[in-house]
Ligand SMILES: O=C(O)CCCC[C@@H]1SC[C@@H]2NC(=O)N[C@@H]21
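In structure tokens, the next block holds one chain alone, the form predicted on its own.
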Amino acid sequence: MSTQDLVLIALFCAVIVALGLLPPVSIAVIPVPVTLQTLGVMLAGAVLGPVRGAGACALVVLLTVLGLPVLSGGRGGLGVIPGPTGGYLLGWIPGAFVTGWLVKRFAVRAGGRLTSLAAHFAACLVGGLLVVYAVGVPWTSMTTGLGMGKAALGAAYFAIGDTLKAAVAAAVAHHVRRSYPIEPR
């Protein structure tokens, strides 16, 4: 891993943490807040690629476990992992990896601008939503005692906002890649 790789991982870790400075919005249905940090997860994967994107998210998880208040609302510490949001937090790592892999596989090779933008959006949806939810929903169900149906219904409240975040991440990543081509790794 080169110095540039480490700098990019640290930079996107900082972006994810900075997006957590905005206060979380709680929804009464499930004990998981709406934050902008998933936007950073999608950006990390879409801009940096699978390995570096997952590395940036893994660094955020490590900092969280070490007790630093890097999550939205100033949360941090080992106690976050066994809580209802722990699955979503851990889901960031494979979510960024899948987003980056899909961008590397399809978006970078897409012919036209619109096709590339659509491929970025699809990658952000699959990695940033489906993969993160696939880890987070069962985790929330298990830790809160809610059934899978209720946990999934609660996650559905996030889907509209997360789809908007995916659109923003896709547009930003598409334009960053055109302006400052970074080989996805």
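Heads up: residue numbers just count along the shown sequence, starting at 1. Predicted model only: the values in this text are computed from it and were never measured.
The following text describes the form predicted in complex with this ligand, which does not appear among the structures shown.
Under a 4.5 angstroms non-hydrogen atom cutoff, this ligand in the predicted complex has Phe158 among its neighbouring residues. None of the heavy atoms of Phe121 is located within 4.5 Å of this ligand in the predicted complex. Contact annotation for Arg105: none of its heavy atoms lies within 4.5 Å of this ligand in the predicted complex. The shortest heavy atom separation between Pro33 and this ligand in the predicted complex is within 4.5 Å. If you take 45-83 and check each residue for a heavy atom within 4.5 Å of this ligand in the predicted complex, you get Leu71, Ser72, Arg75, Val80, in sequence order.
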